[in-house]
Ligand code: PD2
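Taking the form predicted alone, here's one chain by itself in structure tokens.
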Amino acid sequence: MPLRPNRIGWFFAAGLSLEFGKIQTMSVQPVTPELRQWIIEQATAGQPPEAVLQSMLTSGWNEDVAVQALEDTLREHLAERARAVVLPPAVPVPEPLAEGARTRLWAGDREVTVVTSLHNPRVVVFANLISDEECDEIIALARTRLARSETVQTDTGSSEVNDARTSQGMFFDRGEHPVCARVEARMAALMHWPLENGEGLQVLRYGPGAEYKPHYDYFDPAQPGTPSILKRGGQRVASLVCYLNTPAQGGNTVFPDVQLDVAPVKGNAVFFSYDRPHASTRSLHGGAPVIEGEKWVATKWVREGRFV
């Protein structure tokens, strides 16, 4: 018996799938609460709508009744799910290209080239953000203070070693050295964001095999430690990852949601923003393993408000 794709095709667009199941043949065919619940239960398992419809037809359901039951039940289920998903409100974020698309930007003391600009997620790749001499100086200042990198644990609010992050790293205080102050002022000018909203530069070294598995930079609002973290300046709203050297092989910055890889090139940087602490920003990113050589990066995270 032919199906009616014009009537049930919208379920595919909703991303639902149904598990094959059996129901009892009924001489009278009311759409009971039990039937609706059965359809919803199948919707969480894994079978296409056509299979469920065919099961109902084989069990003796009238085609019109079966199709209408599927449509009505799943439409209501989708509506309930939509009501249950409440996204955090969007907040203002830094925007390097606030004045429109350009190939070159003035960042206070030097010209920066726009290499790539992606809108969803918001990602901008820059060349010539940091000079070779500045890169070398930052590495030299950071090298003696390296320790196993930690991540902020939003369940406790503390920083701890995480198996997903196998680099070495350290933090500079904001403006701790003249080179840091100069680069940070440049970053603030580039992002059109207050200097005082930025955390201090974090420098990381990735040796062969080291990586940082895909993650988000914002703090999860659902975790109990997040409120104490936010007291220092609110949520993170953007990240700027600067490459201090060019690895021989590997070490790309990856954005899995959009299959974007950014190659680590000395002096270049990748900017990305996230206007709410939610996966809908598609800001999931990671550092792919270094295959040969080492990778050095300096990361600037910026907050909604003044970071203290």
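All residue numbers refer to positions in the sequence shown, first residue = 1. The structure displayed is predicted, hence computed values, not measured ones.
This next part talks about the form predicted together with the named molecule, which is not shown.
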Check your understanding: Which of these residues, L53, V241, A43, L244, gets a heavy atom within 4.5 Å of the named molecule in the model of the complex?
Key -> V241
Point to revise | Listed residue (H215, R186, R174, H77) with a non-hydrogen atom within 4.5 angstroms of the named molecule in the model of the complex | key: H215
Review point. Does at least one non-hydrogen atom of L204 fall within 4.5 angstroms of the named molecule in the model of the complex?
Key: yes
Exercise for review: May I ask you to check whether T253 falls inside a 4.5 Å heavy atom distance of the named molecule in the model of the complex?
Suggested key: yes
**Study point:** Non-hydrogen atom contact G286 with the named molecule in the model of the complex at 4.5 angstroms
**Key:** yes
Study note, to complete from the structure: Here the chain appears without its partner; judged in the model of the complex, the stretch of 174 to 182, 118 to 126, 205 to 213, 91 to 99 with heavy atoms within 4.5 Å of the named molecule is 205 to 213
Point to revise | Within 287 to 306, the residues that have a heavy atom no more than 4.5 Å from the named molecule in the model of the complex | key: G287, K295, V297, T299, W301
